[in-house]
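As structure tokens, one chain now follows by itself in the form predicted on its own.
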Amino acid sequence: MKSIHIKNIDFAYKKGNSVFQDFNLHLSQQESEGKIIALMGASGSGKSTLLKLLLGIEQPVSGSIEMLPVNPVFSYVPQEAVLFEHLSTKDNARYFQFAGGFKKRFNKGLYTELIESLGLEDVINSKKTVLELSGGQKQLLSLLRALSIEPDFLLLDEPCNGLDAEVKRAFLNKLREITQRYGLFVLYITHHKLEAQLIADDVLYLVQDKKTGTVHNSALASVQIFIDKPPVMHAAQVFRFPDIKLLPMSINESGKIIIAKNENDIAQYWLVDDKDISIDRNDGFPFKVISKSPMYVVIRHEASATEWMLPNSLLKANEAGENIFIKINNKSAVYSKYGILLN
């Protein structure tokens, strides 16, 4: 078994400005099974910092990080491929065959097999310099180099940034295939839910405190759970984009549920699906149509500053500036005012 166990770590780049505080995490993988965990969270929530802590580039102020195997070998593929311009394409690919402490880890048989698996035969054998390679070829070359030493853990930091849709699809398909074939344990940072849906087994979502910006905890679940019922509110906004329907709710003196007018009134948030709402012109929660595009209508509840994007099919007869009322017949999920899934 491979595992990462983070116990009560604190970390800050500057004193008094914590990134992680009393943070705990346990990840594991059966030895023979390939596993990809998509690491997600709001911008600045510490995703890249977490990788740096695992790599030993940064050290926690307190707490501990324990791993199996002890002193594991990591391979890291950043957002932009790091290749050496003074080396040939082939020498870039087999760099670890000649690199100090990694010489013993270099697996020539695996390296040769991966060249074929990744479709890099022509690239390796061509006389092109690394500067002449496409973005997709550079990332595949980086992946080949990273895997040639049979790492215990593979860390990928948004490796598809800047790649066009077709190249990205091919890269992700190949990564998934290789993960399963070689039993890899992969942590994959991404902001894009589609990437997570395409390749990940689980999603690890870093939960950031809105006021302090500090990460105290995380949510870990299967991709399907994140799509159906994201465990934290911000994840709901990511996985339901663009048509998120989150209503801030409170209960008035008579016990009736109403949309909260300010943050202090909010008892919970409701996540609502299209099938759970009906449109009326004089009864329900008041919204105003803000704008229309060929696919979506944007509406706003002024009192709570809540905006929704609805499919055009639901509001095709309404124009910008019109007032409408929305009735809620059900809710998909309920979140606490702190953004944690309640049901």
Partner chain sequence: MLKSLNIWKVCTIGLLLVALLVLYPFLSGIRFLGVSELLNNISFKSTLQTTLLNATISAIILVVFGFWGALALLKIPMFSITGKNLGVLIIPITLGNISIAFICKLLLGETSFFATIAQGGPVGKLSFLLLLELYQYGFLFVYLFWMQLQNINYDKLNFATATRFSFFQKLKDIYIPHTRNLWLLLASMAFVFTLYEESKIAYLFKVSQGTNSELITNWLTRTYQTNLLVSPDFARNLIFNASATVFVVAILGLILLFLILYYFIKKLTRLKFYPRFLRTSNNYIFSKRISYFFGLVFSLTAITPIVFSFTKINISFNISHLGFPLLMTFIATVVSALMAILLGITARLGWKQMLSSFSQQSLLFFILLFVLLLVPPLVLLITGYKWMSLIGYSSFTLIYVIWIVGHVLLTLPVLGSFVLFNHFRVGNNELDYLQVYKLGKRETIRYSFLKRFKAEYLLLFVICYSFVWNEAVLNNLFSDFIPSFVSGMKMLITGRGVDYDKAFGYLLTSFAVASLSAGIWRFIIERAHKQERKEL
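Fair warning: this is a prediction, and the values are worked out from it, not measured in the lab. Positions refer to the first chain, counted from 1.
If you look for the form predicted together with its partner chain, you will not find it shown, but the lines that follow are about it.
Checking 251-259, 78-86, 195-203, 108-116 against its partner chain in the model of the complex, the stretch whose residues place heavy atoms within 4.5 Å of it is 78-86. Although the partner is absent from this view, Pro242 stays clear of its partner chain in the model of the complex, with no non-hydrogen atom inside 4.5 angstroms.
Within 4.5 Å of some heavy atom of its partner chain in the model of the complex lies at least one heavy atom of Tyr95. When contacts are judged by a 4.5 Å heavy atom cut-off, Gly56 counts as touching its partner chain in the model of the complex.
In the model of the complex, at least one heavy atom of Ala99 sits within 4.5 Å of a heavy atom of its partner chain. Site residues Lys35, Glu66 and Arg176 are none of them in contact with its partner chain in the model of the complex, judged by any heavy atom within 4.5 Å. This chain is drawn without its partner chain; in the model of the complex, the residue among Asp164, Asp91, Asp228, Glu263 with a heavy atom within 4.5 Å of it is Asp91. For the candidate set Arg145, Lys168, His234, Lys138, a heavy atom within 4.5 Å of its partner chain in the model of the complex is found for exactly one residue, namely Arg145.
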